[in-house]
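Each of two forms of one protein chain follows alone as structure tokens, named structure 1 and structure 2.
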Structure 1
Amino acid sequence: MKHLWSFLLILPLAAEDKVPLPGEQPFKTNCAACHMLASVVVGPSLVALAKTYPKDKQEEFTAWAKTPGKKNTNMIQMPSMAHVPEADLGGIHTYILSVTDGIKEKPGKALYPKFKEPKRQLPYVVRASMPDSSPASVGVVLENGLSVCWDTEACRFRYAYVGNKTNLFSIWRPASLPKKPYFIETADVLIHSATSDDKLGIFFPITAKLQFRGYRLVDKNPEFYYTLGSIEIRELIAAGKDPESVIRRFTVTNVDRSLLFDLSHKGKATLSSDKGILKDGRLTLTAEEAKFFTLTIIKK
């Protein structure tokens, strides 16, 4: 009983001991507009500041206030507080540590809501940096759950994979694929031409300049357009009629001789063509056949 009495007597005295901290007023004048106790308003909360700058980091704290850096990409640039006397900044630091003691950051809402990928209508075409392709690639996400990587730098189909993820964008690194591709083209050069006339014979890689010209959407499916010297090539990518199939419809103009498409590939898929002769992944076409033909890739 004796103990409890003395406790009650001491209590009011302890409370009266609390004098305002010297940093409080300068904080209110200079910082309070942007820094709230436990939630993000314009700048980080005081709880967050106290965590980054504990007692032994006062120098770093005042250094930041005088020449603020840039850390949070979703926040404005903090203006310099160099006009606030150094002693006041130190006081502000002490004040922040004291008022945040035992306080937790509110999970509150971020200044800008995090980007959430909306549900996309498929097929969907998206510029992306993709693995094993150039950074200038395009992802084609088809309505049958299959996707294709088409490289606009090399002007060619790179691979097909299982996945319907439409958010393939990342500044830092190539998009990660949900699964390894099931069809990967492996030839160095796609298009070869016969030496002359329209007879099938010996073929040589065409050395003329490859140039990507763009793509257009045909019923939402992309048709890539590029030139190889004077030859114009259009390649449309779409979901095929067969389950788990992708079609590549080629329209080639300005050809006067047989062509060979080296479609060598690896992975678990079967490739077929509606025209020409396909043998060991190499498709030979007469000039006439090359004008319009369709390849089908069926996942095994």
Structure 2
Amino acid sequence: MKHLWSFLLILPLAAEDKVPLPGEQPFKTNCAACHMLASVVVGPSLVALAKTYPKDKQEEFTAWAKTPGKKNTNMIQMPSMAHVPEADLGGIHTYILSVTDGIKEKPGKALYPKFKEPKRQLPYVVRASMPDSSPASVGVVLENGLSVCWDTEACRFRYAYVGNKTNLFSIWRPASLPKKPYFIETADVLIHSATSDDKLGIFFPITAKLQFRGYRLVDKNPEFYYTLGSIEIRELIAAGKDPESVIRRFTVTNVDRSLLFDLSHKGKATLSSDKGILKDGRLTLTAEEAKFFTLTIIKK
């Protein structure tokens, strides 16, 4: 029994963990993968950060962490830490100052050289976070110098703009556009269905939710596949014959009545369709016409 009590008395002391420094845990969770104490690996060392943001610049440190820029072209872009609570960001700054006291930085270079965009074969399709669209968007850069944003969350063509910048991919921030879009779709609901009697010409929004099913490349051009209830829609995006045109080629299956596509838009462009009746941005198609039709957007 005497030996047992001795064991119990020393157990808490043996099992006691080292007390972490203030800010150490949020640092390990959010920063340790890229920032070493005195060495440059992915991001700058803690020694360099302490020099840039001394004790009286904690507010500047937290502001930078929330909305980082790119100070060093030889390092990759830091992701935003806006998801980290303000108190934790202040604690991280305090931790950096405490562990770097008296430490000198070791010479070295970042692992990643300055990024140079490779030459890409057009058309170029990339998953991208783009302005005025959901984060789940796709950028399409066409060979005629025009580009398109297609939103996979809403299953919608968002806009077209001039420019062939192919480096659209960014985890940290929306891609920047070289110019404002010249064609922007504005309707809240894309597809409406006629009543059972098509002759009435009355259309109602289809209550089913658009579901994105993926896309494939057809002659290097993306064809987006999505469904609306039992209706299946394939929308191919490509450069048109006109030097400043984009075509959207639709293939629609499981249609038993007329459809209305609300293609209301703004910008300096003209829109035409090879099927149906297009008036004031609203395209009405019989069930037969809706099976296969092509829209053409021409920049003015």
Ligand code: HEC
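The first residue in the sequence of structure 1 is number 1, and each one after it adds one. Whichever C-alpha set is largest while still superposing within 1.5 Å between the two forms counts as the rigid core. All values derive from a computational prediction rather than experimental measurement.
Structure 1, not structure 2, is the form predicted in complex with the ligand.
Taking 2 Å as the criterion, residue 214 does not count as shifted between the two structures: its C-alpha moves by less than this amount when the rigid core is aligned. Comparing the forms between the two structures on their rigid core, the Cα displacement of residue 256 stays under 2 Å. The Cα position of residue 273 differs by less than 2 Å between the two structures after fitting on the rigid core. Look at residue 40: with the core superposed, its C-alpha moves 6.9 Å between the two structures.
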